[in-house]
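Only one chain is included here, represented as structure tokens and corresponding to the form predicted on its own.
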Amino acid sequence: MSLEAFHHSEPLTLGVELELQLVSTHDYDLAPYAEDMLRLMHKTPLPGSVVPEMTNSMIEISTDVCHSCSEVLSQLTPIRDALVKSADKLNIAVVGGGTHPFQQWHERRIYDKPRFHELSALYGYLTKQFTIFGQHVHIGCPDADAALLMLHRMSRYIPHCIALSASSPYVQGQDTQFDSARLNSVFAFPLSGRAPCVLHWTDFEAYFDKMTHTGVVKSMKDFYWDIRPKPEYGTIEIRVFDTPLTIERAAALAGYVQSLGAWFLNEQPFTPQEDDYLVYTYNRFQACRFGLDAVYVDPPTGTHMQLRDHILQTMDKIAPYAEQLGASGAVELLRKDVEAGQNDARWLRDRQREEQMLAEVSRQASIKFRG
């Protein structure tokens, strides 16, 4: 199978997907209500889409193509409100966050869809452990070569995206000591990690052809990379975000990415190179483990610094573009949290310290999601 042609999209347009938890209001454990939620949600006209995910306690919502983070929020708000209304009818709740804090993976059931069953047959128990919840952000690119440049430039900022969105400190009832434990589950898949550092679409097509020739890959969906091109949409898709606890933070993260993209397109600030990836996995681990308190190694210079300082420096660089895109408020919201050392992982740990019971943490997170 050949790689699909890279379709046209308007540069810097946005599309946001959010994977969400469905929990029982009895014990706040995951509840197998995806099919019932879909049935109720399909009765309400909404922007975007609502679809099932890997296991039957998950659901994914997405926006249509948006031009700004405020438009993202204006689309996510009615979807969120309809989700909450449907959940109330089913006596369940909807919760953000990258992991459910105490669910047991072996109790999960694969959603009845051919592709999910195929993945389950291939990956075994990893598919049930894939009951994790992420935010994906698509950003429109002018053309195929520009998309690869955008992808590899964005790779330097993957630690920023991880630390700003981290909301998965708890797994199987334990504090993992990671701010984002979700990405450890993604790393178990053989085609995860980073895309090959090629900057021309013809070279990427050749790589794709070689991979399909091996029989390991049939489509771009088989790559679980942190960022991957989506030729059918004319976008790149950033996949490292944990699902935030609120749709407001999800929209703010989209505004941050869009402002970064505008900086890349307008100033062409650097040319990506393979050596950028010498520290990629280390920086990624640091951001997952320590969040905003991570160490960041600057790829071109090898300089070590606090990740939070590098995030703030980056926010200064992209501020003019955030203003042009109407994303200044979004970036400012994130800046205040960085300065305060706050993210959703910290919020969840604070609730656990106060309440002791993780079920109560989930209950309070469900209230936070309602807005």
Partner chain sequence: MNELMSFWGQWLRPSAGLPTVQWALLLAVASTCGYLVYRHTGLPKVVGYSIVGMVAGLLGFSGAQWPLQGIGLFIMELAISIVLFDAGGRIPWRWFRHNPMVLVQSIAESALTYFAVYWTMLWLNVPHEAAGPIALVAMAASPAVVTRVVADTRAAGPVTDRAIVLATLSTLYALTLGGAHAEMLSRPGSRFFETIPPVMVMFGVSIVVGALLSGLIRIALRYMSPESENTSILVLALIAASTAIAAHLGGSAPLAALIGGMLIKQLHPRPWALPRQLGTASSVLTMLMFVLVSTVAAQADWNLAIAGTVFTLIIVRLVAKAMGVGIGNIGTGASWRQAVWVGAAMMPMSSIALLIASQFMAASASTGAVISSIALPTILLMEVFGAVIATVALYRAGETHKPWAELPTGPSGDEHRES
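Residue numbers count along the first chain shown, from 1. Here the structure is a predicted model, which is why all the values come from computation and not from measurement.
Same protein, other form: the form predicted together with the partner chain, not shown, and the subject of what follows.
Look at 44 to 52, 23 to 31, 303 to 311, 338 to 346: in the predicted complex, residues with non-hydrogen atoms within 4.5 angstroms of the partner chain sit in 23 to 31.
Residue contact check for residue 91: one or more of its heavy atoms lie within 4.5 Å of the partner chain in the predicted complex. For the chain shown alone, residue 67 is not a contact residue for the partner chain in the predicted complex, no non-hydrogen atom being within 4.5 angstroms. Taking the partner from the other structure, the partner chain in the predicted complex has a heavy atom within 4.5 Å of a heavy atom of residue 109. Mapping the unseen interface onto this chain, residue 60 falls outside it, with no heavy atom inside 4.5 Å of the partner chain in the predicted complex.
Using a 4.5 Å heavy atom cutoff, none of 199, 209 and 213 lies near the partner chain in the predicted complex. No residues of 130 to 144 lie near the partner chain in the predicted complex, the criterion being any heavy atom within 4.5 Å.
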